[in-house]
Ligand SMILES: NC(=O)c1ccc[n+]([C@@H]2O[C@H](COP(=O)([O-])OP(=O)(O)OC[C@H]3O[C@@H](n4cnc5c(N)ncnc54)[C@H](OP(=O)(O)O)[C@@H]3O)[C@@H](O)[C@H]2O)c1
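The chain below stands alone and is given as structure tokens, in the form predicted alone.
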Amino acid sequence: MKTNTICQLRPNSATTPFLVIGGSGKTGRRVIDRLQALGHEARSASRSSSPSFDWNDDPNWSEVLEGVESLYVTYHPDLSVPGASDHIRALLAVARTQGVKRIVLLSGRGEEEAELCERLVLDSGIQATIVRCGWFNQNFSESFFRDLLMSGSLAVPNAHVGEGYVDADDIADVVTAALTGEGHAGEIYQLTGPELLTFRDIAAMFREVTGRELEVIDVSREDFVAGLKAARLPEGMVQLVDYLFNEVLDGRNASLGDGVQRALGRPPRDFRSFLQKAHLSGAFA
């Protein structure tokens, strides 16, 4: 088990440029905050950055990666989508040319296409670490799940299946450790929280913490997809959410990982603590 923690990671090394692809996302912005707090030069690459970064448009990727030594990659919308491995392969070619020395990839648990991307990164010749996660706690406070919680009803398939929800702050801590510390090269860290939770477990916990009633209804895949379309989600998002709920949340990930413990030497944050913190911050107001 590794003993390095965030507060022990080279706090005054501002000479190593860090780049976060997807720096405005749930984990990306947290990683940038941590790197900058440690005194590092860290910036985000996205469609709105300058120079801009677009997974579907690569002419300026070399400019985006110029001078970068350490790279955190989050892929939008998800590594499970067709074509993701082609984009990762192309990015790695540019990264090698630009002299990137270290890369951390955010990956998904139980996703075949994601595991292909992981192998590309690990075999790239660049010092690499894989951070493999499933569902985030913050899906319930910073994503469309919040609207479902606030509606008082969760109509979802596989409501009985346990999932090891992981906190985005734990992910950011592990990524920061892997980007700035030693001993993480070649590791695949499977990150989860400390317990498996079903949607019914989450509903009960949500009622206890917030005082709000929350009904869980287990629906068929067909009805679930129809509900997503009725909510006017873009077709690509409907396909992704359908895949996550009906294929990834099919029991294949109903086990706990030890990635937080191995990377940081401490237990992961629990879901109840996340809910309490989110409730106090007004996320469910």
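So that there is no doubt, residue numbering starts at 1 and follows the sequence shown. All values derive from a computational prediction rather than experimental measurement.
Keep in mind the form predicted together with this ligand is missing from the figure; the text below concerns it.
The closest heavy atom approach of His40 to this ligand in the predicted complex falls outside 4.5 Å. Using a 4.5 angstroms limit between non-hydrogen atoms, Asp54 touches this ligand in the predicted complex. Heavy atoms of Thr74 reach within 4.5 Å of this ligand in the predicted complex, making it an interface residue. Although the partner is absent here, Ser24 is a contact residue: one of its heavy atoms lies within 4.5 angstroms of this ligand in the predicted complex.
Here the chain stands alone, but in the predicted complex its contact with this ligand, taken as any heavy atom within 4.5 Å, falls in 76 to 84 among 177 to 185, 90 to 98, 197 to 205, 76 to 84. For the candidate spot formed by Ser46, Leu106 and Cys133, every residue has a non-hydrogen atom within 4.5 angstroms of this ligand in the predicted complex.
Annotation for 200 to 226: no interface residues with this ligand in the predicted complex [heavy atom within 4.5 Å].
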